[in-house]
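The data below hold one chain only, encoded as structure tokens and taken in the form predicted alone.
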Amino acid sequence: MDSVLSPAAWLLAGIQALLFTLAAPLLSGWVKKVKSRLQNRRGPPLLQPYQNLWKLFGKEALVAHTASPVFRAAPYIVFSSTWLAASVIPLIATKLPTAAVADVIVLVGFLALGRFFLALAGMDVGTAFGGMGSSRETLIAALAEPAMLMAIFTLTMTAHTTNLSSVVDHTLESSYSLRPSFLFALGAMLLVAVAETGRIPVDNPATHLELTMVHEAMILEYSGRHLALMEWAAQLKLMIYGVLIANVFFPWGIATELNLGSLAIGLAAITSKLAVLGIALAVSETVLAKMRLFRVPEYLNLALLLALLGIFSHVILEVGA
């Protein structure tokens, strides 16, 4: 306990949160680069998201005359809540001071807070696109959050805790076995991650077509640093779900001891896992087409069904045995 609360541990926790924030645009650039290669295009440079953010931060933020203070404050609240959600997730190590608050309920609460103000900002100016995007986002969130909670609860029931760091430690300490509950939970989490991050086939972050856009419709009125914060928050959200899938379902390599060798292995492990997940996401977006909005509830109902099957299989096969 003393080593966890030492100044070095607090410094490492801050570095991990900073690394999470700085690496999020790189993951987004990696997905775009791989997707471009799969489509026989050269694509943008790997560091293009950093250049876009730098350019937006240097531009003036224009605000509509009909906007309220909620519209001006929303980018800061959305980015801060998303960053707080990222800071409680184990990235390269588990035994850190932030492990005490690394609870799945806290994580979902931070994400819900950011989504709430994002939807408010979309409706605040009074444009048709903003209201349309907010209503679509609320619909997707109402169906995706229960599926996400059920998928995580499948793992927390095995570890008997809702603390993410404890779940990761339990998975590492337990002998590896093929659990049907984990497979169902992983399938549900993958479907939810695609929907929550606004990726194909639920949404397309690369289009502004009014019939298909969801997230982009809510931030159409933003510019300058406000738009940069919104874009950065979206990249952070993609990073959050990638790290959740990589470290909760495949925690091998994450550091359980706060020494230089373990931390280096943890950094290399999460980098490799996120690279593989980025390739998988790029492949899925290349081979799949954008689905109709009215098919999204069926898609998310499938995620909820998989999560429920994960819980039932855990109760029947593991608790019942």
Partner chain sequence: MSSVLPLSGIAVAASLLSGGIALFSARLGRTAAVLSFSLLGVAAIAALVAGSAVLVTGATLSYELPLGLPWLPWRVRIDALSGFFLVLIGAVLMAVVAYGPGYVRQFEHGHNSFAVLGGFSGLFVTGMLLVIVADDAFFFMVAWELMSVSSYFLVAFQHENPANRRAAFLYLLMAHVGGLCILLSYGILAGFGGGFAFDLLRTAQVDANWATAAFVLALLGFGMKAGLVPLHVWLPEAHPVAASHISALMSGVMLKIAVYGFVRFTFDLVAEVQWSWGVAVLAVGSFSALLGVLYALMEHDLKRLLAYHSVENIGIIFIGLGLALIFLGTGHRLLGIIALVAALYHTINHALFKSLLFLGAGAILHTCHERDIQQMGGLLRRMPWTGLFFLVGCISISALPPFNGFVSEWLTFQAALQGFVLDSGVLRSLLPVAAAMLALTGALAVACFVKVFGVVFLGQARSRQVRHAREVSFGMRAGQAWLAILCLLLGVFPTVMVTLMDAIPRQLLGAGLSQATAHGWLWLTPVSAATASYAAPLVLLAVAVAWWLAAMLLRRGGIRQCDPWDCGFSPPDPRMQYTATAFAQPIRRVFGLLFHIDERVETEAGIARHRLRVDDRSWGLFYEPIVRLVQGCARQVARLQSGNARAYLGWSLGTLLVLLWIVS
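Note that the structure is predicted; figures quoted are calculated from it, not measured. Numbering follows the first chain given and starts at 1.
Same protein, other form: the form predicted together with the partner chain, not shown, and the subject of what follows.
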Would you check, heavy atoms only and a 4.5 Å threshold, whether residue 172 touches the partner chain in the predicted bound form?
no
Taking heavy atoms only, is residue 204 within 4.5 angstroms of the partner chain in the predicted bound form?
no
Using 4.5 Å between non-hydrogen atoms, is residue 105 touching the partner chain in the predicted bound form?
yes
Although the partner chain is absent from this view, report whether residue 261 comes within 4.5 Å of it in the predicted bound form, heavy atoms only.
no
Tell me whether 62, 80 and 163, taken together, all sit within 4.5 Å of the partner chain in the predicted bound form, counting heavy atoms only.
yes
Sole residue of 234, 213, 200, 244 within 4.5 Å of the partner chain in the predicted bound form, by heavy atom:
213
Which one of 9, 308, 17, 23 is close to the partner chain in the predicted bound form, taking close to mean a heavy atom within 4.5 Å?
308
Heavy atoms, 4.5 Å, the partner chain in the predicted bound form: which of 247-255, 234-242, 122-130, 181-189 makes the cut? Say which one.
122-130
Can you list, in sequence order, the residues from 141-172 that come within 4.5 Å of the partner chain in the predicted bound form, counting heavy atoms only?
141, 142, 143, 145, 146, 149, 150, 153, 156, 157, 160, 161, 162, 163, 166
